[in-house]
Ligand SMILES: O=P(O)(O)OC[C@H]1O[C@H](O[C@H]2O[C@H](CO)[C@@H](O)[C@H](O)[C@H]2O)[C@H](O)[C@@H](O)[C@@H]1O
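We begin with a single chain expressed as structure tokens, specifically the form predicted alone.
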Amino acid sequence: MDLKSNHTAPVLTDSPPISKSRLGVHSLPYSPPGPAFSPGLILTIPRKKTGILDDVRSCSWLDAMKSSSPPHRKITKGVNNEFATSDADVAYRSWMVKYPSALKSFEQITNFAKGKRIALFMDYDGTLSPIVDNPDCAFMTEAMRAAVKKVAKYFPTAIISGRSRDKVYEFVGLTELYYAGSHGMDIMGPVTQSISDDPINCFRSTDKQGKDVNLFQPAAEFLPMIDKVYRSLVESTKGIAGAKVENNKFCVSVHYRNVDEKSWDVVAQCVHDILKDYPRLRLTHGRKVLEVRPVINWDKGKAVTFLLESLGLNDCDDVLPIYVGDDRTDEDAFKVLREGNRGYGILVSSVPKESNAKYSLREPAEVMEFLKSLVSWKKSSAL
């Protein structure tokens, strides 16, 4: 795979929620394979500073930060003290015509899966755990952990997270899974011969249980640079109340969830002022988080392909990969599975937004029900 970096630094944002006017039931053509995001959301970092906050405003960073933080749904009471259907509910139901519930479509999914081997891939934050104010407290429930443990007993299962690999392992704590951190730039996979063609970025190691594994780190050369940027961001944001900088090994996350919205521009400016001196790094934008990442040809979609190859499941007609995720970075994985009808992407979202996914789930609780359903289906099909 081509891992060469380039010297552009685009800003990628999460898809904005779809307005009701865009959701007419008769105007929902099935989206073709390819990026589902407006070209207007791909921004370029200006190289010259034009004023105190002009840089982040001129390149629409603030608009991107707000678009990734949709307001909570408002529910109003109608006559007889019953909850009336809100506009958001109408929009969501219309959106589900294009992205039907994976639970309600479970029979359709399993009918396609008959005679195939399912490989399961999942994000962590917002998928297996709720989005919380403090990223250090994004704990999964014991019920969710039990569901993940059971599903991993029957299907090859991997978690691909923006967190560092060690950190997501601390949250999950299951040895039955494969883990990929830093948006797939730090993968722990099974020992196979299929990845021996990249000896520079892949090396033998051991897991927590002392079992031999392969570590694949395509951005290893960026570690000193990422560490330097992390320390610079910690220093530059320390005066912003609520800002938190997280070192995820191969990327740096700047959380502004607890920052007053009036100070979001200050956060963005701090990131911009540091990032402009690093043309080999780029900024991606998630849910109330700015993430600095290496500019290499690698993402969660390529991580899925790599893991399938490591498991000996790539390019097999009898394999059905399923990826469950909630963030913009998961779209790369959705796209890989959509292309060539290789598998299914399932978007976890309580608000309508454009996606390369095939199905949807509303929240982590529904993800858990989906995992339980997979286990029940597997048990019954084995009888």
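Predicted, not measured: the structure shown is a model, and the values here were computed from it. Residues carry their position along the shown sequence, with the first being 1.
Keep in mind that the form predicted together with the ligand is missing from the display, and what follows is about it.
Considering non-hydrogen atoms and a 4.5 Å limit, does the ligand approach Leu223 in the predicted complex? Taking the distances in the predicted complex, the answer for Leu223 is no, it never comes within 4.5 Å of the ligand.
Is the gap between Asp326 and the ligand in the predicted complex 4.5 Å or less for some heavy atom pair? Yes, Asp326 lies within 4.5 Å of the ligand in the predicted complex.
Could you confirm whether Arg280 comes within 4.5 Å of the ligand in the predicted complex, counting heavy atoms only? Contact check for Arg280: no, nothing within 4.5 Å of the ligand in the predicted complex.
Quick one: is Pro294 in contact with the ligand in the predicted complex, heavy atoms, 4.5 Å cut-off? Contact with the ligand, no.
Are all three of Asp123, Ser161 and His183 close to the ligand in the predicted complex, meaning a heavy atom of each within 4.5 Å? Yes, the whole trio is in contact, each within 4.5 Å by some heavy atom.
Options 89 to 97, 271 to 279, 107 to 115, 161 to 169; stretch whose heavy atom lies within 4.5 Å of the ligand in the predicted complex: That would be stretch 161 to 169.
Using heavy atoms only and a 4.5 Å cut-off, determine which of Thr237, Thr157, Ser253, Gln217 is in contact with the ligand in the predicted complex. Of the candidates Thr237, Thr157, Ser253, Gln217, Ser253 is the one lying within 4.5 Å of the ligand in the predicted complex.
The ligand isn't shown here, but in the predicted complex which of Ala138, Ala243, Leu311, Ala147 has a heavy atom within 4.5 Å of it? When the ligand is considered in the predicted complex, the option within 4.5 Å is Ala138.
Sequence-ordered list of residues in 116 to 133 near the ligand in the predicted complex, where near means a heavy atom within 4.5 Å: Residues within 4.5 Å: Asp123, Tyr124, Asp125, Pro130, Ile131, Val132, Asp133.
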